[in-house]
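Listed next as structure tokens is one chain, alone, in the form predicted alone.
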């Protein structure tokens, strides 16, 4: 393969990689996208029409989950026992004395579409003040741009995806918009309406959640049918995952090639320090090298630092693009809480759109008294997976035999859940490095995740748990049935920060455009560049906006004939 075959090579086909590919291809560049995981066919691979839909969750395919290891986590303290996870059927969930990974710990998908294949589809803009955490509060780091810089790119992404949202001032808060949402907001289901009444009684504003799910037919895709199972994969393509939006349109240009089941194992550099080629292994385990002009890494906040650290060489002994020493540092994970309870009557809470309602009142970084960093609250029955009878029986309706059957009939559809996600501040004990022993099938060291909750995270979790319980009580819940949080479990769908962006090359891995400070043809377009996590916003829309901006920067370099 000649160096001139592609203008840009992208590693990773998730939110950042797909958005960058679309922007570059539609502007005339030739792009190769390499994805370690498989391709998914929504109409064949998602099994929501089978009798096993509730137990199968998102369908695993060979190579669709990466391997990671975890360093020992912090001990659990009895004084925080009210933050331990539990349910009515089995009692306390984590019986160990330490925080533990829940399931895989890092909940992700390797595949064409990345984790948007199984995401709920929340489409959030970052709170403007969450971009100034260092200058305002002395924590995390400031973003090297402001909200106004990203706003046009948010709008482009929303228009391509077909985001449905409310344009009312109360729903927008400080996230001003230059254009309305392309589609009207979804109606709230009965359970969310009940939660909204309780929130209003506490003085909290409850509004439609911006969603990458179509409220009307759009761009050749049908409107949502409200099956409530976005996290299991959308067979109808009404959910705005990037495989059916950005990547679909990139491929339609004829200038984009996607190679799935292809793992990049090392990045090689030229004597002048620029990226020269990449080593990869395809599905037949055939190894090859691909020359590159410009390389975008979009592998996520775990895999991107892993690849950079594994690409250490004589001129970069601490890892590629790691002159600052910040590759792998500043990991920020999901800080979350869900409380669930049972009403005395059914409200068909399993119906409707997941996370259809949200409260932003505590999203500002100074909104929670005595705590730095904000949070949000949202309807969460579907995220708690309380949408089918099996999970009711296993988790929240105890008993056996005829009495249990009667209780199930009375209870099904009566569950209400409210979830909270909050700001995670970087700390020295939370980071990613390479495990000294464990390796994958290609001989590449596995990423090792270190995690530690700081005092601010625990205080925030206490506030989040208390507020969730208050809202449920106001909605008519007399007895809680289950609570689950990240005090005793590492359970992260959103991770950030391990290659943070910034203007100072001694403190950051990439600059404001996503370009390596010292490797001029290396770029990063994923959540690893986030200087702060935000106060509970889902990150995919911000990743896409950053990727579009980075792509425009690359286009400018190409048009100016900037040497690589």
Partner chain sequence: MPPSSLSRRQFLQLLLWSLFAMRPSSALANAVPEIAAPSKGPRAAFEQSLRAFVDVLIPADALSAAASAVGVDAQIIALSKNDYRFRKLLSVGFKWLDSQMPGGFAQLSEDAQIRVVDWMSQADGNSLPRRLFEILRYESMSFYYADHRSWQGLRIQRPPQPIGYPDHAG
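Treat the numbers as computed from the prediction; the structure is a model and nothing was measured. Positions refer to the first chain, counted from 1.
Although it is not shown, the form predicted together with its partner chain is what the next lines describe.
- Taken together, 41, 177 and 527 are entirely out of contact with its partner chain in the model of the complex: none brings a heavy atom within 4.5 Å.
- Only one of 397-405, 203-211, 155-163, 301-309 lies within 4.5 Å of its partner chain in the model of the complex by heavy atoms, and it is 397-405.
- Remark: residue 289 does not count among the residues lining its partner chain in the model of the complex, judged by a heavy atom distance of 4.5 Å or less.
- For the chain shown alone, residue 350 is a contact residue for its partner chain in the model of the complex, at least one non-hydrogen atom being within 4.5 angstroms.
- A residue is said to contact a partner when one of its heavy atoms sits within 4.5 Å of a partner heavy atom; residue 138 fails this definition for its partner chain in the model of the complex, lying far away.
- Remark: residue 243 does not count among the residues lining its partner chain in the model of the complex, judged by a heavy atom distance of 4.5 Å or less.
- Of the residues 172, 278, 343, 393, just one reaches its partner chain in the model of the complex with a heavy atom at 4.5 Å or closer; this is 393.
- The contact residue chosen from 98, 190, 450, 442 relative to its partner chain in the model of the complex is 190, the criterion being a non-hydrogen atom within 4.5 angstroms.
- Contacts with its partner chain in the model of the complex, taken as any heavy atom within 4.5 Å, map within 480-495 to 482, 484, 489, 491, 493.
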